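Coming up is one lone chain in structure tokens, specifically the form predicted on its own.
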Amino acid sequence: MGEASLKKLPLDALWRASAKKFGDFAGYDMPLEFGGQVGGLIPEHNWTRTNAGLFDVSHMGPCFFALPKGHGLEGDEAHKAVSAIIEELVPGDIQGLKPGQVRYTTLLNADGGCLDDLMIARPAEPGAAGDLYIVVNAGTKEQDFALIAQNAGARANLVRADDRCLLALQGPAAEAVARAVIADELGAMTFMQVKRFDAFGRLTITRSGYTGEDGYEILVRAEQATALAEALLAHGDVKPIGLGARDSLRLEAGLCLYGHELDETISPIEADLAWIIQKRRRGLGDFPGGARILKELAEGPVRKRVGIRPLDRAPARDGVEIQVDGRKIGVVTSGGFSPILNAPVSMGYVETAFATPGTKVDLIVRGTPRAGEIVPLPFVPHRYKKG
């Protein structure tokens, strides 16, 4: 896609002043690395792990999914009604969400493969009963929105919010910054909670992110986005961070990237995401691909997502073949350099018999076998603020 045809972020003008490298991601012209004092992938990565990084993730697909106006339902009854509709597409227990709770789940096809991974939140506010706040991935959002809306028909409405700005504030200083700049109440939120705040217009904020660090994802209207971003960046602990470091951070955290660790052929069980299917849904099995997924839960999958440590300095990247005794047993889906471990790390899929940590493998890098080892995930421990 030519540069002229790429979509621009709402804060494109702000980032042009400091980003030194832009690139195409999911049809958007995204800042990949910034210049200045903390410029470059490794310094930006390390800054996020020690302070607070501000990421522009406005290419993602936030939306609101709600019962039609005048539905006449209240509280849990309204929540269960709207959740029952979205549960026709995902394996998570959305009806069981408490007010202000967020759940990670996957959109499934008829064979139990993942069409996308996404966040679904039940608003904390009583007046929002019958609403869900959903964020899908950038590269699949058009198909996701169409699928959700088509499946709902007249039973619920999907309202896109991807004309707004979505900012991710990530790192150990994120809470102190958010409390100082937005609202002191943000300190009371814990991981995977959502709340709306009357600041910088109206903000929808989840305590979540995709770096393994504590932090927040903040949805703000485009006309208020510059004021919010500039206020956050004015704090001494905050630097703008590009998409390059976001990817190295999520790899260290052992988190899936759609199109790499997840695709239409991979089930949540193969992806080592069995935990996203709560007890009620396992008992019912009433989600797309339920027969396959329940079988894999009971008997184990044929392949499994694993962490891999190359035993020399050569990174094993996406597409590298994994072998044992000269036979292909899997493939690398993401790989790169871990600044925290000062070593290469990879994720991939291997036959389940070889998924045990400590298993020695060969990574075929540019035609040459290089020694590697299966290791537990994540590579770097998560530091979420639990309740």
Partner chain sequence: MTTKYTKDHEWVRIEGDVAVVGISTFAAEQLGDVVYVELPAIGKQVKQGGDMAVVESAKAASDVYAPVSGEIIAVNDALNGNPEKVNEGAEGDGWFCKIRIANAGEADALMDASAYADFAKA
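Values in this document were obtained by computation on a predicted structure and should not be read as measured data. Positions refer to the first chain, counted from 1.
Keep in mind that the form predicted in complex with its partner chain is missing from the display, and what follows is about it.
Annotated contact segment (heavy atom within 4.5 Å of its partner chain in the predicted complex): 39-47, selected among 60-68, 325-333, 352-360, 39-47.
Under a 4.5 angstroms non-hydrogen atom cutoff, its partner chain in the predicted complex lacks G307 among its neighbouring residues. Contact check for K295: every heavy atom lies farther than 4.5 Å from its partner chain in the predicted complex.
In the predicted complex, no heavy atom of K98 sits within 4.5 Å of its partner chain. Using a 4.5 Å cutoff between non-hydrogen atoms, Y28 does not count as a contact of its partner chain in the predicted complex. This chain appears without its partner; in the predicted complex, the one residue of A274, V159, V302, A314 with a heavy atom within 4.5 Å of its partner chain is A314.
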